[in-house]
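Only one chain comes next, encoded as structure tokens, the form predicted alone.
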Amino acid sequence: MNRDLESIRNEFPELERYELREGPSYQFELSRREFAQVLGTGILISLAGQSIFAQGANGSRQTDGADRLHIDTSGIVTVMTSKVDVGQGSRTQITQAAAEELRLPVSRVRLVMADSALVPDDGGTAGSRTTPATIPTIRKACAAARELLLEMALREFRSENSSIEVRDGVVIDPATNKEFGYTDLAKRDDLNVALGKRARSDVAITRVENWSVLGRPTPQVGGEAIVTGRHQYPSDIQRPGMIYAKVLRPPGYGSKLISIELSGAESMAGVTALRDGDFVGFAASTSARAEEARMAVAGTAKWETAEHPSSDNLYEYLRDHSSTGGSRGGRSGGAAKGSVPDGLAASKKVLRASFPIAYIQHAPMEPRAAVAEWQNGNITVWTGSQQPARVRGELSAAFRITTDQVRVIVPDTGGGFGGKHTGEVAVEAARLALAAKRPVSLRWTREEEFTWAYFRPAGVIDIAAGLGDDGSIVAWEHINFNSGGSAIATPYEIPNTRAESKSCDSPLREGSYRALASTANVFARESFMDELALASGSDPLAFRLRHLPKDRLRTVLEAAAERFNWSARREKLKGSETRGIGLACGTEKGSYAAACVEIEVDAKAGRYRVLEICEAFECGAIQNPLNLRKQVEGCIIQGLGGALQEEIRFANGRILNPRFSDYSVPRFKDVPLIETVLVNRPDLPSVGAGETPIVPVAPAIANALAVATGARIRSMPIRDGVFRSV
């Protein structure tokens, strides 16, 4: 090698260094020497099971997710997790958590994420589970390593002084001023002590009031490499001898390939052409050459097409193709309370409304990409995925090999938002790499991403509610067709409630999205709450507070309203024909959000724009306020897209707007003044923050528009009728 491994590690953090290794390709069955090449000389601590080097009775390597930490001789501690970073900041948060318990600065903790040959399986990155589930596991592991250091230090000092502590990775004996740190631990010969250590369930993790690393604003780990262009995303991965691929896609959904003539591509020098059922792909020295091969045979393909509905009749289609039972993305609302029919019958006033919700795309900055490399019947794939274990399973099934023969590596990826849970691009790249007998890079185009990736589910939501003589809600019914059951249960205190999520035969491929059905269900509920407030002659804030218990949701609603100065603004804008304010609140994944919005309307042009959004958010004890603020602001901006503009249009089995020139996502000009209020609850466990802040954005905008214009728009995006966002 031209440079030593440590210098490369310092320049290219974590997974990037794997692509810089020279010499033989990285192997699947890791020897101790090969493991040291990746992580450096030191000790690996097994915390809940056997070591990576422990052998089974038959001599096979046993890994059960036990291996969590590696301490090298320079005092750097490497922490391993299957979680991924798709821009949400988990690399920084997990590094902070480890540094807190190890009593190290963040700069001395390295994170290896989502490499199936190295890391334990912590599950995928979805459902806001990293903070409440993975972080505590890693903290316990690191606390156990800290206890090991103390134990070994006391043995070294021949001391029983239980008051000594680890500071900056070092234990100091107050009697002799001797030091013993992680560097010394990594050099010990009695590795059996380290490798046999287990993380006890009662290991003491640091209390919130004693945090010195967690709870503080911490810049993004690896941020410099990102802004200077040195970070390698999945699209950037290079392998020796690598070639590039293109895939021939069907003309529409449901199309079946009858025949194709590949000779035009096969006759091209340096081109590999492959047909495998309906899959047709091409690999060549450059993407342009692969595209030439694709175009050379595209005209010879004969397809059997299928009928397909249009977005023009989507909502009627969903109603006609629905069935009760099951719920996508969350609970169906639980058992009904009281009797909704009786409550409605006894109501002084009954209101009903329907809320159509469009399909939208995740629109990540980086479309799907994968590099696949076969070696001795084993496959390594570098790809962008939120579910490395799932991709590993898909590859195993596709090629009828064991998961031990599959290695999946996920570099920090350019966006996911719930849209990268599947491994189709990895399988496609692996198919072509097997045929070409060379590493293959496949990068989906934007049009492929917008057409063949899955979408946030569309839906239509029916709500009925009744008001009593005193203006309070006495009955509530919420029925969701297709978009799912997350956040479907009302948080308001109502004596008679019923919620149901109906599965439908979706005309488009659909799957997870940031907060999934919460955006739809909260949009419908909070929009309808304003309609009920108007019908009862109440202020929208007062109406909600009347029905909310004194809990966390009420707290964030009050915090947002106070910072926004709701009452004074409402009075000031009363009767205005150009300005309006609205609010909304919601809870999901154990966190709570409320937003207040002001909009400006140009009634003559039939347009409006959002001037300001103030959102309060609470997710328990805040672990990194800097990253949390970014998460909330990111959710708000993404929420603007679904609220104002984003909608997938389709007909005859084809997407009609599969590119950014036709599909509008928020631009800088669309971003209003944003103010975030972070409600810290150090008395409560920390939970995820990557999803819930999105849910109050759209209904708050719809409510503000209704106040300003008297026009109640019940669809997402909010642009029916004459009003359009600017």
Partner chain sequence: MEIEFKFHLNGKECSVKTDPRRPLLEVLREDLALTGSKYGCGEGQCRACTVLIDGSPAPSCVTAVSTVQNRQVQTIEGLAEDGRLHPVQQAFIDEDAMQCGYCVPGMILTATGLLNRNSNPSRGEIIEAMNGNLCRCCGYGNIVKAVEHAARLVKERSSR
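Numbering follows the first chain given and starts at 1. Every value quoted in this text rests on a predicted model; they were computed, and no experiment measured them.
From this point on, the text means the form predicted in complex with its partner chain, which you will not see here.
Partner contact region in the model of the complex: 443-451, out of 264-272, 443-451, 544-552, 143-151, criterion any non-hydrogen atom within 4.5 Å of its partner chain. Contact check for Tyr317: no non-hydrogen atom falls within 4.5 Å of its partner chain in the model of the complex.
Its partner chain in the model of the complex comes within 4.5 Å of no heavy atom belonging to Asp505.
Looking at Tyr182, you'd find every heavy atom of it more than 4.5 angstroms from its partner chain in the model of the complex. Under a 4.5 angstroms non-hydrogen atom cutoff, its partner chain in the model of the complex lacks Tyr359 among its neighbouring residues. Of the candidates Phe564, Phe617, Phe417, Trp476, Phe417 is the one whose heavy atoms come within 4.5 Å of its partner chain in the model of the complex; the others do not.
Between its partner chain and the residues Glu531, Glu598, Glu558, Asp236, the one pair within 4.5 Å by heavy atoms in the model of the complex involves Asp236. Judged against its partner chain in the model of the complex with a 4.5 angstroms heavy atom cut-off, the residues Pro250, His421 and Ser715 are out of contact without exception. For the stretch 596-633, the set of residues having any non-hydrogen atom within 4.5 angstroms of its partner chain in the model of the complex comprises Leu626, Lys630, Gln631, Glu633, in sequence order.
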